[in-house]
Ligand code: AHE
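Quick heads-up: it's one chain on its own, the form predicted alone, in structure tokens.
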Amino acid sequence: MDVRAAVATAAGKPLDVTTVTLDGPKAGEVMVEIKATGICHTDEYTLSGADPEGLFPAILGHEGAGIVVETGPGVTSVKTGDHVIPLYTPECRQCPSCLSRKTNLCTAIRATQGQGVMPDGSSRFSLGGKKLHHYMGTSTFANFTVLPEIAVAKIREDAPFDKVCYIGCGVTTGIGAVLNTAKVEPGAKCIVFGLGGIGLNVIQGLRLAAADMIVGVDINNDKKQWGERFGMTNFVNANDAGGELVAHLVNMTKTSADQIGGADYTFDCTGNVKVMRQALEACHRGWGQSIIIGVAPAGAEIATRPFQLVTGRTWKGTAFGGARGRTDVPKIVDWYMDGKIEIDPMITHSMPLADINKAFDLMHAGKSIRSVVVY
């Protein structure tokens, strides 16, 4: 069938909005009509050419929501008419990783997903008879897409697509990093580096966890108001602190009873390896944990003095906030619908597919938290 899509023809070039061909679902697959999709920094990372695993031509997009319109043979967990969120981190519930209960990183389709194809090794998208690559197993920059059954989360039908699509990545990644990866306890002192879409959701998660001190760090003073809106208690402009940022943050967290200082938990949402080091070193001696969320450029490495780790600080990484997609995403949709978390204020721009390149311009200019394409 013919569908409308934004095609990434080559690295560094604007997306080409055009008509492409989509084949129907095969065994264990579903076709979803995408109703809305967010534009995430990860899409920009791949489009820029910085992603070493980036494949072209491809249909990008991984933060969507829509309706199942067709199911292939053997599909049992969803049916035509179900509302779903595509999952770039699937949940098969059968592979060693899923069964371990120690990670959310399902390996059932990881190999083919990274090759830009469906589990059988072929693509469902083509243009002029030539294959187009899938992206992160989702390709939500098309108004219809085909996904493995294990890569869709069934959600309630009264949830607005143009808001809950954000749960497909940004919301779940930020909140999940707090609740699943760090397991922040009430009363904790926390620092969030980078107050973009992910950072603001980390702050939301810290508010849910009843953290006592939530410090936001950014180089843009405009982010102060955003952070406070979602629960931030203190703001620090990293440029104002200069080379003394870590010392400044440690001093902020000192009390009369604890003159060592340092955060119980820090979160890097920048992807900057220098900031990752600062985040670790701003942790409390003996028990501080630093969670890396931001994606660093290809080939980048993190460094610190071994003393920082020997004295009890811990570095952790997280993907999709440690969430098990089919299990956890519907719960987060419920939290939104029940008013426990906010999404609407972070959707700063909406546009039709024809204007999708404007979303990337807004992102580059720092004028958006999240832009959403509504089909």
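One rule holds for the numbers: they count along the sequence shown, beginning at 1. On a predicted model such as this, the values are computed, not experimentally measured, just so you know.
The next section is about a form of this same protein that is not shown, the form predicted in complex with this ligand.
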For R110, is any heavy atom within 4.5 Å of this ligand in the predicted bound form, or not? yes
Would you check, heavy atoms only and a 4.5 Å threshold, whether F56 touches this ligand in the predicted bound form? no
4.5 Å heavy atom contact, M136 to this ligand in the predicted bound form: yes
With heavy atoms only and a cut-off of 4.5 Å, decide whether P306 touches this ligand in the predicted bound form. no
Would C40, Y45 and C169 all count as contacting this ligand in the predicted bound form, using a 4.5 Å heavy atom cut-off? yes
TL;DR on 341 to 349, 45 to 53, 324 to 332, 28 to 36: the one with heavy atoms within 4.5 Å of this ligand in the predicted bound form is 45 to 53
Which one, C95, V295, L127, L208, lies within 4.5 Å of this ligand in the predicted bound form by heavy atoms? V295
Which residue, M213, V246, I302, L105, is the contact with this ligand in the predicted bound form, using a 4.5 Å heavy atom cutoff? L105
Hey, which residues along 56 to 84 are within 4.5 angstroms of this ligand in the predicted bound form, non-hydrogen atoms only? H62
